[in-house]
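First, one chain by itself in structure tokens, the form predicted on its own.
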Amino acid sequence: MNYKFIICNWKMNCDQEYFNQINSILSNYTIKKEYKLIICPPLTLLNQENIINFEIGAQNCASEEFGSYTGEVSARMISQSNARYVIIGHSERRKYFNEKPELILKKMDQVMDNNLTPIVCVKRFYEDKEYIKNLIFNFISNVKTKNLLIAYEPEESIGSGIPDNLYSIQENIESIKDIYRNHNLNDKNIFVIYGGSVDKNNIKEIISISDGVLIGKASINLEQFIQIIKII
């Protein structure tokens, strides 16, 4: 089944109390079968149990399996928690931590080698064309991972409150999908979602032209989050 993915990136926000509150709220709803809800909390909250109606993802991982890398957490370590997804290459990691495509592809390998699902963020197609090609072929060549999520997120829309327009979202998503279509690649396990100022007011329209959304601020605003859950 082709799901619509709703991925909530809490970034460096929220705590155990908020997590418990969200889990309790979700217990009162039934998520429609065509949606898959994934919450990516801070690293300290990855090992939750008795979660209801959602799965857990990590916000980042190291590019190496182990070693003298103080403060880093490997994909292997994440795989031993309750997380089954990992966001890599987010625009904030590229902007503030100077992450380059080569490093992100190494992280992608680590994620896939540990049977986790990568959620790889990319910029506009014309900015990241070769990088997008590389990550798609990297996924196709790996036999361990079943799914790849590519999150198109124009940098100017992250945290600005102003999402990309629907025409541009659709155009960039179709350009990404054309890569594997033009190479006769099996696309049933590749999903292209949109991230960048998604909220309760625009999520329906964006979901209708994508395979899902990556939500930031709206997922840590309780009122907004509840409205989004009611939609799905």
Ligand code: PGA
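Throughout, we count residues from 1 along the sequence that is shown. Small disclaimer: the values here were computed from a predicted structure and weren't measured.
One more form of this protein, predicted together with the ligand, exists but is not displayed; see below.
Peer 1: Looking at heavy atoms inside 4.5 Å, which stretch does the ligand contact in the predicted complex, given the options 103-111, 129-137, 76-84, 90-98?
Peer 2: Stretch 90-98 is the one.
Peer 1: According to a 4.5 angstroms non-hydrogen atom cut-off, is I22 in contact with the ligand in the predicted complex?
Peer 2: Contact with the ligand, no.
Peer 1: Hey, in the predicted complex, does G196 get a heavy atom within 4.5 angstroms of the ligand?
Peer 2: Yes, G196 lies within 4.5 Å of the ligand in the predicted complex.
Peer 1: May I ask you to check whether S157 falls inside a 4.5 Å heavy atom distance of the ligand in the predicted complex?
Peer 2: Close contact exists here: in the predicted complex, S157 approaches the ligand to within 4.5 Å, heavy atoms only.
Peer 1: Would N9 count as a contact of the ligand in the predicted complex, using a 4.5 angstroms cut-off between non-hydrogen atoms?
Peer 2: Output for N9 is yes: heavy atoms within 4.5 Å of the ligand.
Peer 1: Listed by sequence position, which residues of 205-220 have a non-hydrogen atom within 4.5 angstroms of the ligand in the predicted complex?
Peer 2: Heavy-atom contacts within 4.5 Å come from L214, I215, G216, K217.
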